[in-house]
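One chain comes next, on its own, written out as structure tokens in the form predicted alone.
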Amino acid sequence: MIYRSAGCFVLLLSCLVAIPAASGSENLAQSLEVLRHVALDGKDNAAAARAWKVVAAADAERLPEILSAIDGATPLGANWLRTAAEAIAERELREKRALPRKALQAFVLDTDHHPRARFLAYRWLVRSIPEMKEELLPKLAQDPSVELRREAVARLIAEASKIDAKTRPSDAITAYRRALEASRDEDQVRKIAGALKKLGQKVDLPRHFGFLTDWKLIAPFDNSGRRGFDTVYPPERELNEKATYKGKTGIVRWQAFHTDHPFGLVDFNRPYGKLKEVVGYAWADFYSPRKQQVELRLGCKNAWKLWLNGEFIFGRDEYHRGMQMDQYRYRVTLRPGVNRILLKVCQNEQQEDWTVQWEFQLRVCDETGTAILSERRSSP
């Protein structure tokens, strides 16, 4: 991840007018290496500041080289490199000097480079040469960079919206379907799905996003005094769908639950009622054809803990601070065959209307947000 703001960068950029127009190749290469390895402990800041001045003074022709240095850089190092590159580009754009068009265009289209660096190159190109937008975007609809893909999808949506749906409905449907296939962002998908609905088309949003819709639920266990978050209840020790346990108010057992919510929302209130000071567990089996790295993306406004195949992934002991899609993201490795996903969701004692929710949504996807589907999945 490249962090976008830091006080030291603002200070350095404010001194840009004092930076000379060029720097030697050897000094540039050495300075790039210094910036690539800046650590978070702050010990390298003095050396990084000196190196930053050298890099930021480089000629615009060196921009692809500077952007390439972001590949494999430390998170803080990538930030130093990004701001140096931006300083060069802003200087050239302000002075109305040409940027290295062909080299930056090749950089944008090379998916081996860091996605954020590629987006920077794209942004500079379209600012300096607006027609580059139409030249590049048709090639980026399936790009691994979420930012570049978003730009390409926006173009596809705009093209689809220009088609007269009354006289050319099939063309409009085809255009919106093409946009949907490329889209990964919730707002864009909602817009496309809405347009397709008006054209009489159904969109399987859970499948598009990779939301898990089939679960086994068990509840309620006790969460009095919010002690349930750290209490190890039986589902954390074993996953046995035939087992019964002593719950908060009596014997509890697993029950099948299917959500038909378009964004995969699993609401414990539906089978159990609007309970307070309780804990519930949700268990889903995900079948993978091979060992593969994926992201588990969770949305939840309750306190929760997450496990994969018995291994604890993460948890947050806080309540009712808002919920959104992909609120929490964790990169994990699935094993071939069945993978057991277990989620613990706690409800606290608050009685206000806005604390009623006892729910979550969880999806499996790759780092671009492209759905990865279980080999066994119920039909919509």
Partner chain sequence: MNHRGLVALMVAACGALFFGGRVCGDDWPRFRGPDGTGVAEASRLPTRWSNVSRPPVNIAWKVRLPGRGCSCPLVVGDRVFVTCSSGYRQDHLSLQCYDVESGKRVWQRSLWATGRTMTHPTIAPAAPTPVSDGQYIYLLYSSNDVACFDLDGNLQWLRGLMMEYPNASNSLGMASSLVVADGILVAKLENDSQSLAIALHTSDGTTVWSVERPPIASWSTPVIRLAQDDKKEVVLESPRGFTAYDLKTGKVRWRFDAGGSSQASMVAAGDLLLLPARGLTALRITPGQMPRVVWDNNRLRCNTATPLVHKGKVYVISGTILKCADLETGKLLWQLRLKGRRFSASPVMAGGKLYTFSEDGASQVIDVTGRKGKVVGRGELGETILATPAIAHDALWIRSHQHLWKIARRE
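Positions refer to the first chain, counted from 1. These figures come from a predicted structure and were not determined experimentally.
Beyond what is shown, the protein has a form predicted together with the partner chain; the following relates to that form.
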**Item:** Proximity to the partner chain in the predicted complex, single hit among 87, 252, 296, 160 (heavy atom within 4.5 Å)
**Value:** 87
**Fill in**
the partner chain in the predicted complex has a heavy atom of only one listed residue within 4.5 Å, and of 216, 113, 191, 123 that residue is 123
**Proximity to the partner chain in the predicted complex (heavy atom, within 4.5 Å), stretch among 217-225, 234-242, 142-150, 287-295** = 142-150
**Message:** I'd like to know if residue 29 sits close to the partner chain in the predicted complex, meaning any non-hydrogen atom pair within 4.5 angstroms.
**Reply:** no
**Message:** in the predicted complex, is there a heavy atom of the partner chain that lies within 4.5 Å of any heavy atom of residue 78, even though the partner is absent here?
**Reply:** yes
**Item:** Contact of residue 338 with the partner chain in the predicted complex (heavy atom, 4.5 Å)
**Value:** no
**Asked** Can any non-hydrogen atom of residue 183 be found within 4.5 angstroms of the partner chain in the predicted complex?
**Response** no
**Prompt:** Considering only 44-68, what residues come within 4.5 Å of the partner chain in the predicted complex, judged by heavy atoms?
**Reply:** 45, 46, 49, 52
